[in-house]
Structure formats: C-alpha cells, structure tokens
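Presented as structure tokens, the chain that follows is alone, the form predicted on its own.
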C-alpha cells in the first residue's frame, strides 16, 4: 500500500509544496487546514482547526496516517501566547490521530528562531553562525521549544519516530501566506516598475552586506520526505537551506534584473516596506485591472511585516548543512534560481504582471 500522509497546514507555503511532492512520489496525501486547498491535484482536503480538538477528531476519524507533517503555526500577540496556542495545536493534532499503531513518523517544521530567539527576543543574545543543530537553546520563551517538547513527549508515549526541520526564510509559491518573502518582493518590484519608485533594499546594513541564505520550499519538501523514510534520520533535528550563501547587495541586483529595474542606491539604513507601501492598496488594484491579473488584494499577497522582520535583522543568519549531507540528503538549489522560478510561476498564474 502507498504511504498515507497527513499534512497539517496544506494551504501554506511549506504544506502546499510538500503535498505536491508527496503526491509525485505516489503517496496518499490528506491536506489539513482551516480552509484546505481544493486545487492540489491528488490531495484529499480536510477542513479542521488545530485549536479545536473536536473538529480534528471528526476530520481525522478514518484517516489513520502513517506520517504526519506539521507545517503550520498561528502568530499571537506575545510569545507566551505563541507557546500556549501553537503548543496546543501540536498536542491536539497528535491526540486526534486515532490509530497510533499506524503512525510511524511525525515531522515538525520550525525555523531559525531556534538559534536567535523569538520575535520578542531576537537579537538579544549572542548569535553564532553557522547555526548547528547541537547548539543549546536560547533562554526565554520560544514556541518552537514548546512544540518540540510536546512532540518528544508524544513520541515517547505513542512510539513513533520524529524529525524537526529548521529552515531559514522559505521561498516558494503560496498565496495568502503570512511568511512569504518571495511573493512580497515580487509585488514590491512590480509596484516599483509600474510607478517609477526606486527599487531600494528595505533591510538593515547587516543584512545588506552580511551573509544570508534562503531555502526553496521544494527543497524543504524533499528533506521532509527523506527524513520521514530514512532510518538514520529518525529522531533528529536538521537544518535545511538551499546550500549556498549570498549577500543581499549581490542578490538585489538579480531581483532587479528579473523585473527590468535599476538598483537604487542603498540608503545605509532600513527603510521598512510597511512604511514604503502604506499606499500600496489602490496602486495594486490599478495594476490588477491594467494587466488583467487575478483579483487579489495586496495584503493577501504581501505580508510586509514579515519581510521587514527578516531583512531588518542586525546579525547574520546562515546554517551548517553537513549533518543531513553526511546522512545522504544531497539536494541543492541556487538561491537566485529559486527566486526566478517563483517569479516565472507568479507571472504564469497571472498573480504579477
């Protein structure tokens, strides 16, 4: 029988790309979300809210997955609330998996805040790069740690193996996602081209001149599937990135070229997109009408706040990939190609002009 996978967060940038990859491998895939995507070929949509145990138990009553992938989270006003809500989501989901004899592996996607602290604490600690999986946790609250501890507890009780995956900024196709730098920068560049505004890097000097990395959502999907089915990768945490590093002063020119733009001089300080794009709503509506694009509002496509958070960091962020490489995960992707592939799809799908 084909492996049976449950992807929690199938409507997101990670879950959508993972679901498509698992289908390509011949898996039976169930995509769980509050508003599950209906357009993912080969994926059975399941509607449920991870905060509501009864909703989950009803949705998963007859699923009995072999593999569970947790690729979603909900941002709250404080880190204490992040811990409470996102921890409960993991506990509720695993509590709703009825047949724990069928369940073999659970994968949890977290991220770089494992190494430099939560939204509230980021930058308050010494940050050591490259990030390595064995580095100790930072002090203070962090909902990633809460989720991990619940995963480890449930694994001991239910007898499944686990993996934790720690990507940096994820670049890939998804719409309406709260953490989506690639689409955000595509919208920003499109607005600059239409209005003649300068295409200026909006982040900090440290990000502009320092080393950075991203991960293609398709590479992350492949690592998730690999870790779930590779015995040597069981009960391990893994960094996951494209495998190259770059400086934004180099990458920004490549993004500009993709939109026929000139690179504006860097002002030497952050100029956040939330400030630059305060008037973007009506501008984007006019662009949509002019070019016959799909009728998305700009706030559905471009979470300015999250791109500002990523590009505004005052420290370098890049990771060591040797742990999974040694165990056999050898996938690699040039990061400029990751962006260019995404921009091409956004044009083909009539999301950007």
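Just so you know, these numbers come straight off a predicted model, no measurement behind them. Numbering follows the first chain given and starts at 1.
Omitted here: the form predicted in complex with a small molecule. The next part is about that form.
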Considering non-hydrogen atoms and a 4.5 Å limit, does the small molecule approach residue 291 in the predicted complex? no
I'd like to check something about residue 50: if you look in the predicted complex, is any of its heavy atoms closer than or equal to 4.5 Å to a heavy atom of the small molecule? yes
With the partner left out here, check for me: in the predicted complex, does some heavy atom of residue 167 sit within 4.5 Å of the small molecule? yes
Tell me, yes or no, whether residue 263 is in contact with the small molecule in the predicted complex, where a contact means a heavy atom of each within 4.5 Å. no
Counting only heavy atoms and a 4.5 Å cut-off, does the small molecule in the predicted complex sit next to every one of 68, 96 and 161? no
Please identify the residue among 34, 325, 297, 57 with any heavy atom within 4.5 Å of the small molecule in the predicted complex. 34
In the predicted complex, the residue from 179, 277, 88, 191 that sits within 4.5 Å of the small molecule by heavy atoms: 179
Contact segment among 241 to 249, 277 to 285, 136 to 144, 200 to 208, judged by heavy atoms lying within 4.5 Å of the small molecule in the predicted complex: 136 to 144
